[in-house]
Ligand code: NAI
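For reference, the chain that follows is the form predicted on its own, supplied as structure tokens.
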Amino acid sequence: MIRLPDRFDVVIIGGGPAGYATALYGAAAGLSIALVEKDKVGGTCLHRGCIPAKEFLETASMYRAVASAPEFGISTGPVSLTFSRSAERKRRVIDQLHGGLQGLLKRRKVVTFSGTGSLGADRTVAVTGPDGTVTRLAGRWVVLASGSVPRSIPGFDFDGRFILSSDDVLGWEKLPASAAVIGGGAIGCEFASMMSDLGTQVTILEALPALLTGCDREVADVVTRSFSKRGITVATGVTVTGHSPKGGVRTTVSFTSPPSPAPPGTPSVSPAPPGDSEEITVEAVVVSVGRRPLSEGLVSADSGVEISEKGYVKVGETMETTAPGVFAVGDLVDTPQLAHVGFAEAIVAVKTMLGESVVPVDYGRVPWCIYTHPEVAFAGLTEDAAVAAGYKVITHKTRFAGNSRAMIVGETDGMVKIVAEAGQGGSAGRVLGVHMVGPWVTEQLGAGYLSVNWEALPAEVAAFIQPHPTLSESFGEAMLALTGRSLHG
């Protein structure tokens, strides 16, 4: 007797943020849901990404706070770190969140299948369990949410010993004395900031001309200066060429830096001369050059789902793929790889299934948060991007150096920068971008995000009262200054 596939309203492959958000939101709407996950629900974000990374960054924050306690008149004695205790706390936080998520899925009556899912024709999903048993599921709709994995680069294959992925770093029980971070984006800078604060000697090797490409230049400059003051070596515009173990406990990383600029009036040479070769010897190399979609083996040739050359599943603005009734969300699609973007995409997908009115995700205006020290948060266009898009812009910066709350907490480095469309007679039109760097700005972005997405005028935002003394006053001051008058600016 041939057993027919189990049928559900929605079958989801992948239990990370985008996948479990689809399950929870769909179940709240009364849909029957099957969730297929080969590891643990929560995915990379909960187990090997956002949550453990921020737990370690909080350890760094606590270490800084204790070390600076004498400034507040509190005697603590020498500050020491037992990193294994931080790792233990990280596991407790993850376990608690994982248990809560499992309970929530169960209460919503989501049926979870343990195994690897693969989509075939007619929205049928084959689930291969840990013991090799295959279970077939059929869905009125199918959602692909298999996520992503860390990218490697030629000559730096992950070995878990010297060459480490983000997965490896977040499993550490002990910090290395020295480390090279290849990649100066958000994740690389977070790792560098954390390690440096906790005593590791860090070098960042970035191929592009500056750190945190995509951030406003002035915001990125604040982070770069802070890193330099704290002893982090930043090498930009470099190309890593290889590595070789040294003494069994360290490895030497080779890289080339850009050639020195020729003196004015010197004839140009083509091709350009090669840069200088350099090398550093460290205990660990953290490769942080982004993540790639995990789409291998995800769909069969007759599924109707198209995948790009880079491995991303092709979708429209409602997150539906080229196969009717099949959706894809999260890191699997070529959109910002952020958990909260995955949440938003999940809601769009479910609403589309239900025939409800849908507001597609505006990826140019999503909120970004980077948990370095100092923190970075932004939404909307940078000044350079706005100018490149043809806008005439007006900007204002309010620095935390003049903010009373920032002085009280001892964190005055940073600013709030507003990018607005230039109006008539030098007035400020709609807000195009809000960019913050400084203390706890990841918790302050909400008002900026709303300002950008509602296309508010600075005068409209400035009419709202900011409590005193708070860090958020700097945002209010920047908006008020754009009206042509200010209090403290």
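This one's a predicted model, so the numbers in the text were calculated from it and none came from an experiment. Counting begins at 1, following the sequence as shown.
Not pictured, yet referred to below: the form predicted in complex with the ligand.
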Given that the ligand is not shown alongside this chain, does G325 nevertheless sit within 4.5 Å of it in the predicted complex, heavy atom to heavy atom? no
Look up in the predicted complex whether W368 has a non-hydrogen atom within 4.5 angstroms of the ligand, and give yes or no. yes
Is there a heavy atom of V289 lying 4.5 Å or less from a heavy atom of the ligand in the predicted complex? yes
Does at least one non-hydrogen atom of L208 fall within 4.5 angstroms of the ligand in the predicted complex? yes
Sort through 369-377, 100-108, 129-137, 115-123 and report the only stretch with a non-hydrogen atom within 4.5 Å of the ligand in the predicted complex. 369-377
Let me know the one among R430, R64, K40, K54 whose heavy atoms come within 4.5 Å of the ligand in the predicted complex, would you? K54
To verify the annotation, which of these, E411, E190, D197, E383, has a non-hydrogen atom within 4.5 Å of the ligand in the predicted complex? E190
Would you mind checking 219-240 for residues with a heavy atom within 4.5 Å of the ligand in the predicted complex? V240
